[in-house]
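Below you will find one chain, with nothing else, as structure tokens; this is the form predicted alone, and questions on how it binds or moves follow later.
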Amino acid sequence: MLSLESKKLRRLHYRSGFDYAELEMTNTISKSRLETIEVEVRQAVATTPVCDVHTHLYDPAFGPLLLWGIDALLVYHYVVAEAFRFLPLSCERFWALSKTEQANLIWEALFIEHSPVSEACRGVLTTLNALGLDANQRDLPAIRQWFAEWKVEDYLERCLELAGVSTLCMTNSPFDDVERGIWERGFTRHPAFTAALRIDPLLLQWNEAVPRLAQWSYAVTPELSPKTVDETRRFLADWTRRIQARYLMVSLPPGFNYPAQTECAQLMEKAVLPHCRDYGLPFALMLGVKRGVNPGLRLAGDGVGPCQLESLENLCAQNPSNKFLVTVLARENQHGLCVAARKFPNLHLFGCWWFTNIPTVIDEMTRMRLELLGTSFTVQHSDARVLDQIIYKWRHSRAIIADVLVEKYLALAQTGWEPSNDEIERDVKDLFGGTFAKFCSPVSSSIDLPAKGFDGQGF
């Protein structure tokens, strides 16, 4: 049994460790073995390479689209939104400044004039500390100069090493003019990066997508005629092949419904889901984002709302041959999502997305998922938009995941079931990408597409 003090700390989402003497009295496993189990769990979590299944990072071949360095860390939309709690200027004036000027203002407001206790600010400092920089000197120009001396290729390898990440999955949209041009020209791909085909404009802004598709020689019209559906599927096929997409993805608002007669639902039903079935690819749904709650903040102005999980259940039930990767944004949806995943083997949960990527909620979500789903989910993704962030996001997450797993394995030991080190390592590998690999493995398909998947070392 846990000591009374440990129970109190548990409610506060901290860990003081187990009372091994009390645990030893409840079963035949020795105190030394219980302590060894904790060491083995923490070692496995600390050293197992991660397949980061969803990021907003780019292969170095994309040039300035790959964000990195101190100014990018500071002018990150999580931090920008927080800074406007203090900044005495309008959004218009802020965005008119250079990135360096914006970073200076944010540094002053959030790190100098106030203590950087938020998760986003602490993340900046964790990153700097891991890189060997002394941020305690409060010398932003010196930090900026340190980053200026790096080459991006070398810095990428350093970040991957410090984060313990083997593979990064990009978010790739053909509707982004800069990105599309790079894909069309072709480039030598970095082995750590793989692609996911993002189709938000196709599903959520159909009337605007139609003229763009037509411009790219796809014979589509606003009406979803058989010809338009066929051409939309040709577009999806062309881009799946071009970028070697490992899954398709979309972020959806709280009010998304399925089935429905909306363009979004009809395009899913007639084009996207058949395409995914043919190619053996999962369809990733990121549910619950409210775009432009405060448009002046730009990317930092999006909000959150509870989604309708009944629509997800309908998708899974009515399309049993499709695979769905899902994460949801609202805390209120997390329990229902876990219950849904228990009902549908074609539903795989991944990570703590965006506003849920804070220690309190990561702890709660990880604990809930383990208790309801065992190890049949992907415990985390970084959602990193700046390369350096993979360092802090994975360091912070690993610490929480280790605490939760230690508790679960020691509770397991109380039943008399002693997990071996090999079993612990197996489970952690599954949580860090192995289960995702098995879920995403293509089934038999008539389409000639390379069958790749996560294998613990990348795609």
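All residue numbers refer to positions in the sequence shown, first residue = 1. For clarity, every value in this text was computed on a predicted model and none was experimentally measured.
Although not depicted, the form predicted in complex with a small molecule is the subject of the following passage.
Partner contacts here mean any heavy atom within 4.5 Å of the small molecule in the predicted bound form, and among 83 to 91, 352 to 360, 104 to 112, 338 to 346 they occur only in 352 to 360. Proximity to the small molecule in the predicted bound form, taken as a non-hydrogen atom within 4.5 angstroms, holds for one residue of S166, T366, S251, N322, which is S251. Contact with the small molecule in the predicted bound form, judged by any heavy atom within 4.5 Å, is made by just one of A142, L299, V117, A317: L299. Site residues R42, W394 and R426 are none of them in contact with the small molecule in the predicted bound form, judged by any heavy atom within 4.5 Å. Among residues of the shown chain, R385 is one whose heavy atoms approach the small molecule to within 4.5 Å in the predicted bound form. Taking the partner from the other structure, the small molecule in the predicted bound form has no heavy atom within 4.5 Å of any heavy atom of R277. In the predicted bound form, H54 approaches the small molecule with a heavy atom inside 4.5 Å. By the criterion of a heavy atom within 4.5 Å, R122 is excluded from the residues contacting the small molecule in the predicted bound form.
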